[in-house]
Ligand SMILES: C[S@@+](CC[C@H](N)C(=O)[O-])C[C@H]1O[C@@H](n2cnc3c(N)ncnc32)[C@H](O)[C@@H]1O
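The form predicted alone is given below as one chain in structure tokens.
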Amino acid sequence: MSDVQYDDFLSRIYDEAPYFGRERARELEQYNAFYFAHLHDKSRRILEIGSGTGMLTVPLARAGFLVDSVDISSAMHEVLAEKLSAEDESVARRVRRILADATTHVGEEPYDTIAMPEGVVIALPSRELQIALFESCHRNLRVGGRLYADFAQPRWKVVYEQTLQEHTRFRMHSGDEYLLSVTFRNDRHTQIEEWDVVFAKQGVPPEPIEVKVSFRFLSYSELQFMLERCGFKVIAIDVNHSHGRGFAVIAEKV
């Protein structure tokens, strides 16, 4: 399967797939609470980096925020567009979808606020790319502007075992059922975790969809170092974000 075909498949299945978006989708208010606790000015546009399927984008727009939402995936943009089409027209008008690479994107003018939800940074599986993303955040903010971001933490069982295989079944709202098999490989030194993922649709001749995805998890101490190196000052950290399954950070451009 080509990267384009897989991108389209994953975008359609993401919100319902274990290990991907299902947990966040099921507890969306809890995951998004960090952003709504701190974002108040609805008169200025927010730059959202990594809109994905719109799990933060749509709630922000419903609440009255103006959002410029950047994502490199055209397939994810299509899913977001479909979600917005089901909303009131006033909600859809508040979102401007931008198809771009967030590490190089330059907005029309600097923003006061950037929101960067879970998965965006760790989906860049190298220190250099992660730093490039933080540099882009710095470039797209005004002096004194703030970055709000949350970060997933690795499953410690995977870190401990280094290689682990798990299997699960799940059913989509459409009725399609899949057997999902994931082999996790974790490198403790680089903090890079690779997933060999196989989706096998049940009830049809098996045509499994196979892909490898990579993540690079960050500790808070490394994150703080990166942010400071890129011209930020860390203002606050919430280590209890989503019942301790990750942490959330507020950083200010200096």
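From 1 onward, residues are counted along the sequence shown. Owing to the predicted nature of the structure, the values given are computational and were not obtained by experimental measurement.
The form predicted together with the named molecule is left out here; the points below concern that form.
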Considering the named molecule in the predicted bound form, which of Leu179, Val158, Ile72, Met172 comes within 4.5 Å of it through any heavy atom?
Ile72
Just to confirm, with a 4.5 Å cut-off on non-hydrogen atoms, which of Val91, Ala152, Leu124, Leu141 contacts the named molecule in the predicted bound form?
Leu124
Quick one: does Val58 come within 4.5 Å of the named molecule in the predicted bound form, counting heavy atoms only?
no
So, Val120 and the named molecule: in the predicted bound form, are they within 4.5 Å at any heavy atom pair?
yes
Find out whether any non-hydrogen atom of Ala102 is located within 4.5 angstroms of the named molecule in the predicted bound form, and reply yes or no.
yes
Can you tell me whether Phe232 touches the named molecule? I mean in the predicted bound form, with a 4.5 angstroms heavy atom cut-off.
no
In the predicted bound form, does each residue in the set Tyr14, Arg24 and Gly50 place a non-hydrogen atom within 4.5 angstroms of the named molecule?
yes
Report the stretch among 179-187, 106-114, 72-80, 162-170 that approaches the named molecule in the predicted bound form to within 4.5 Å, counting heavy atoms only.
72-80
